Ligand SMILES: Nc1ncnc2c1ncn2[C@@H]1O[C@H](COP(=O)(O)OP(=O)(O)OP(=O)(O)O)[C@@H](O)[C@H]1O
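Next up: a single chain in structure tokens, the form predicted on its own.
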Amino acid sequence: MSKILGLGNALVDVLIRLNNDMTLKELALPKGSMQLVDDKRSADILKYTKNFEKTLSSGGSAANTIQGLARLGVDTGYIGAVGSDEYGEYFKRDLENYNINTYLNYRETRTGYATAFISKDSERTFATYLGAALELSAEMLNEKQFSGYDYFHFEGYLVPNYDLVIRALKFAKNRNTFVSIDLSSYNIVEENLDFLKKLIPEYVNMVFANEEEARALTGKEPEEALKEISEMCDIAVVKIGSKGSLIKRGDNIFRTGIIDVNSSDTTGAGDLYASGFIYGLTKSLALNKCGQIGAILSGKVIEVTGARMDDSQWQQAIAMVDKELK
């Protein structure tokens, strides 16, 4: 059975549902934005929201993908950095509850957390304090962590840390590990464009991108972007929102749709799409089937608040996935 290792910013998601958007105005957070905040600003936000009802879950893009794979029964591992604090222990415990092997580096800096304000219309506004996650460094990686893993998945948010990413990819390449990246954010792509255009052809087997990320990487619209990305790697995936996704390997192009859902919060949709797609690969499914399983998981997760489905919702999702395996 395939084993999958993830590398990413280890964060705790703090989810807050808003009755109105006045909170965003008072905190000077542009609706729909993702703002990085420093220690002082994060403390001010915590103080302001201390009486708000909150939901916690372990988070970070790659962690969400790995957790999704673990819920599908895949043997998984995760590398990250957390603080020696309550949130750090929560993150570790939450992953290990799903039998995920954790390779966590403990720092004196507080564990990173992303406060997600969810408006009545399901729009998300993030105030993210990276904290200890920012201290994840190349020196914390060793080749033994990669031993036995057939797939390695990492998030684009790490790309600015060139030394870390290159060291991880060299370890993966030394073991002939299949490598996938979720580009994560168009601004990350724009700011590191030259590096990505060298990195992907040399080390990466599969790229996940949404429309904006694909445009940032290639300067082109989805179908043309798909073709260009596929020339850099083995499998290119461009997600096009409500229109589904485009997939290309070699001369073969596939288009997959979405499932019918009642959308509540889009947090984690792209991460869980990657879970489903990679799961399909481990089962040697056709790429259109991989995309359909990705659509199932991304569809089910947007019916809930945050990137974590409960056991009942996972049972529904797994039943739908099982039908695709037949």
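C-alpha atoms forming the largest set that superposes within 1.5 Å between two forms make up the rigid core. The first residue of the sequence shown is number 1, and the count goes up from there. Treat the numbers as computed from the prediction; the structure is a model and nothing was measured.
Another form, the form predicted in complex with the named molecule, is not on view; read the next lines as being about it.
The partner is not drawn, yet in the model of the complex one stretch among 80-88, 214-222, 193-201, 235-243 has residues with heavy atoms inside 4.5 Å of the named molecule: 235-243. A single residue from the set Ala269, Val37, Leu29, Leu287 has any heavy atom within 4.5 angstroms of the named molecule in the model of the complex; that residue is Ala269. In terms of contact with the named molecule in the model of the complex, the residue from Leu24, Ile302, Met309, Val14 that brings a heavy atom within 4.5 Å is Ile302. At the 4.5 Å threshold, heavy atoms of Tyr273 reach the named molecule in the model of the complex. Interface membership of Leu56, defined by any non-hydrogen atom within 4.5 Å of the named molecule in the model of the complex, is ruled out.
Of the heavy atoms in Ala295, some are within 4.5 Å of the named molecule in the model of the complex. In the model of the complex, at least one heavy atom of Val261 sits within 4.5 Å of a heavy atom of the named molecule. With the core held fixed between this form and the one not shown, Ala286 has its Cα displaced by under 2 Å.
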